[in-house]
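Only one chain comes next, encoded as structure tokens, the form predicted alone.
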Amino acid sequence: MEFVNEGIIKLDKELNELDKFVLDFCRILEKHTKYMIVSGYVIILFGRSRGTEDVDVFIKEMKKQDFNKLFEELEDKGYECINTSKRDAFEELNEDIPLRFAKKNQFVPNIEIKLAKRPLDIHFLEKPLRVILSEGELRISFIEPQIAFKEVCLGSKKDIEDAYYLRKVFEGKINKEKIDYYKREFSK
């Protein structure tokens, strides 16, 4: 792992099928909107061995016509929305109902798309942490808010272990004062 600068990490890892699935999906997303990967897959990306069925992604709010273009391209590239119809997807997304997309005739893995609505989510969506891989680039949340969110908002045993893992992997590279700040912000 090479820290190019504050906003870019080069990650030299052998890509697995989940990584390739996420890269493929995000290439489509980035043509239509800003996105940012959060939660469990971020930990997996940096080497923690644990399973996940879904990859959580925030996207920027979109106009319906732009969303429809995204939806159509996803369908054209072999993805389907597994929890709602195309007709209802835009409205449900805007009512804070996440959309799940998977390869056709599959359920796992899937991408769970949510709109970034909280000020912090919108802030990080505008300038995410870029992770450069051998076959492309992913945009993820910065590490400090990941740790804070897992420790304060989620708090399950798995989430606490994930936060601990990130603290170890990024030891000397994370700002503990920022983690405390985000913990306070997420607690509001």
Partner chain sequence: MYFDKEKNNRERLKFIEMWAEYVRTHSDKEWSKQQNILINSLIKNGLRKS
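None of the values given here were measured: they were computed from a predicted structure. Numbering follows the first chain given and starts at 1.
Heads up, the form predicted in complex with its partner chain isn't pictured, but that's what we're talking about next.
Annotated contact segment (heavy atom within 4.5 Å of its partner chain in the predicted complex): 42-50, selected among 42-50, 28-36, 137-145, 117-125. Taken together, Lys13, Asn16 and Glu171 are fully in contact with its partner chain in the predicted complex: each brings a heavy atom within 4.5 Å. Interface membership of Met1, defined by any non-hydrogen atom within 4.5 Å of its partner chain in the predicted complex, is confirmed.
Contact annotation: Ser85 falls outside 4.5 Å of its partner chain in the predicted complex, judged by heavy atom distances. Contact check for Glu161: a non-hydrogen atom falls within 4.5 Å of its partner chain in the predicted complex. Contact check for Lys157: a heavy atom falls within 4.5 Å of its partner chain in the predicted complex.
In the predicted complex, Asn105, Gln106, Phe107, Val108, Pro109 are the residues of 102-130 with at least one heavy atom within 4.5 Å of its partner chain, listed from first to last.
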